[in-house]
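Let's start with one chain on its own, the form predicted alone, as structure tokens.
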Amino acid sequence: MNPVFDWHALAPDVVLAATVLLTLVATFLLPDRDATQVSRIAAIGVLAALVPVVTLANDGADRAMFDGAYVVDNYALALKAFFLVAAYVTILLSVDYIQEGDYYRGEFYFLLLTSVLGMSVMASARDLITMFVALETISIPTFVLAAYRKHDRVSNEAGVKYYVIGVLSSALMLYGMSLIFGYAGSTRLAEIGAQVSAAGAPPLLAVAVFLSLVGFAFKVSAVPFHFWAPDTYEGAPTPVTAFLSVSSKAGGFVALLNIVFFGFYGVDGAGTELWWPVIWVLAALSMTLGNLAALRQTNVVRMLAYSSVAQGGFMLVPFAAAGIAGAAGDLGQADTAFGAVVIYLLVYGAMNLGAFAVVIAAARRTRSAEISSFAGLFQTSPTLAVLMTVFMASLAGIPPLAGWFAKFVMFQSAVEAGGAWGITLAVVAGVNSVIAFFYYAGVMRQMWFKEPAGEDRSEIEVPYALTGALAITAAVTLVVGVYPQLFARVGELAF
């Protein structure tokens, strides 16, 4: 049978793919390879791809193609919209940074949008092969982007480390997937889920699931597979670091959501015993070691790198809670816990991109990412200091900012999962939330209570594009904190 193409369902990916090709062609055809024009093409293309996402959401019908390997439903649309908005904000962060630096300028946007295309496909992937191709489409451009400062040995080292670890994780994940295919006889997640429920948990399947989860743990920088993250984040250009910490990490989490919820979960939660103990350990280790390492950092980018590891641990908490609830037969609570992962991803994206936007703005004058370079920022640039305080406080989970709602749904999922394991994980998350406050507060203390270093006390000039990125991220962080139903409804519709 010939495959059926639902062009409306494919429209977001088609528009994005066309934009990728257009940016590549424009890079070579525009006079003097004008990167500003290429960035505008990229931004317009990303916004254009949002239009069919909105029309599909308004339609409300679930659409499946290629024998169920590609699905467009509320879950996929919510994540596609997130990836596109995050890409738009990343473009705003990058415009002046790339234009003013010694970079291949136009190619930057081609690589960035190629990675975003992989993320968009990943949101709809319901097949192991489709997932793997999407994940590699996400990863390969970011290997290049991490080493984009071509004359900087630190950036080159960052790219090499990221590449080596990325290849290793892909190999482990693909080996696990091959075992799953050999066991289930299919690459479709729905059929794998049915097979998991029918046959229980034989040793071969347990090994296959473990290898797959280890591969994904590398992708989301979960402890103990996080070693690449701090050096890569510090060595990469700052907009790339922001992209890796939010969009690329979210792409890994979406892949993990897909394979766990649609495949390993099984029918009626029958497969939860295969994976929830592994996720529980990864969550506890990531939160604890990520936060403890962040306490020792003097560089704000490395601090945010370890913070990203810890935040990934917080995002894994609802995964474990869903497994605990599913194993106990509480399927409604398990679905709610999976929805909490989506909510946390959306909130984390806004506040972390905002924090990196302030880092980029402040570095325009200080040329430093040391935490001490933020000393006296309130006296010299009060607007930036207030915005950074908002983002740091939100990452710490202080109300009424969006981060408190993300933490709330995370704690709620762990507590309502019940049992000793769920309550223990909630306690671990609570202790780590307190630890995290100290290093976020350290940045705030520098801005508000320290004297500015140096003689230049003029206000930092923030370019228009960077101002737009700050406005978008700050608006989401503030509005969702005050009106959390906005994202709560998204989490409900997704599952």
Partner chain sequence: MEWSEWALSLAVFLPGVGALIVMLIPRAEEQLIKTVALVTTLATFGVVVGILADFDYDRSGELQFELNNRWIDVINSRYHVAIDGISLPLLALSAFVTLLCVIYSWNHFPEPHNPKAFLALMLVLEVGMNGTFVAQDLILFFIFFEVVLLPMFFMIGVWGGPNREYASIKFFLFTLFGSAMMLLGFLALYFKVDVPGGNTFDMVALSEAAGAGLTRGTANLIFAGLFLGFAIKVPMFPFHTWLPDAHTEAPTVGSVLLAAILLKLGTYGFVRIALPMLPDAAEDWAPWIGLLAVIGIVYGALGCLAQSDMKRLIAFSSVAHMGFVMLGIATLTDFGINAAIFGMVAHGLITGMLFFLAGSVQHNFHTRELSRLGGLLVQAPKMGWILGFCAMASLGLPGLAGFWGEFPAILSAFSPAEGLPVETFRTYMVVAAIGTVLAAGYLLWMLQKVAFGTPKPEFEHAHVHDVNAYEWTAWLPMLVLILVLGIFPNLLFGVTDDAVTQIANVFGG
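Numbering follows the first chain given and starts at 1. Predicted model, so just to flag it, every value in this text is computed and none were measured.
This next part talks about the form predicted in complex with the partner chain, which is not shown.
Taking Val434, Ile44, Val51, Leu29 one by one, only a single residue has any non-hydrogen atom within 4.5 Å of the partner chain in the model of the complex, and it is Val434.
Taking a 4.5 Å heavy atom cutoff to the partner chain in the model of the complex, the contact residue among Ala441, Ala69, Ile460, Ala57 is Ala441. The partner chain is not shown here, but in the model of the complex it comes within 4.5 Å of a heavy atom of Gln412. None of the heavy atoms of Pro277 is located within 4.5 Å of the partner chain in the model of the complex. Although the partner is absent from this view, Thr389 contacts the partner chain in the model of the complex, with a non-hydrogen atom inside 4.5 angstroms.
For Lys450, a non-hydrogen atom is located within 4.5 Å of the partner chain in the model of the complex, even though that partner is not displayed. Annotated contact segment (heavy atom within 4.5 Å of the partner chain in the model of the complex): 413-421, selected among 90-98, 260-268, 322-330, 413-421.
Residues Ile398, Pro399, Pro400, Trp404, Phe405, Phe408, Phe411, Gln412, Val415, Glu416, Ala426, Val427, Gly430, Val431, Ser433, Val434 are the ones in 397-434 with at least one heavy atom within 4.5 Å of the partner chain in the model of the complex, listed in sequence order.
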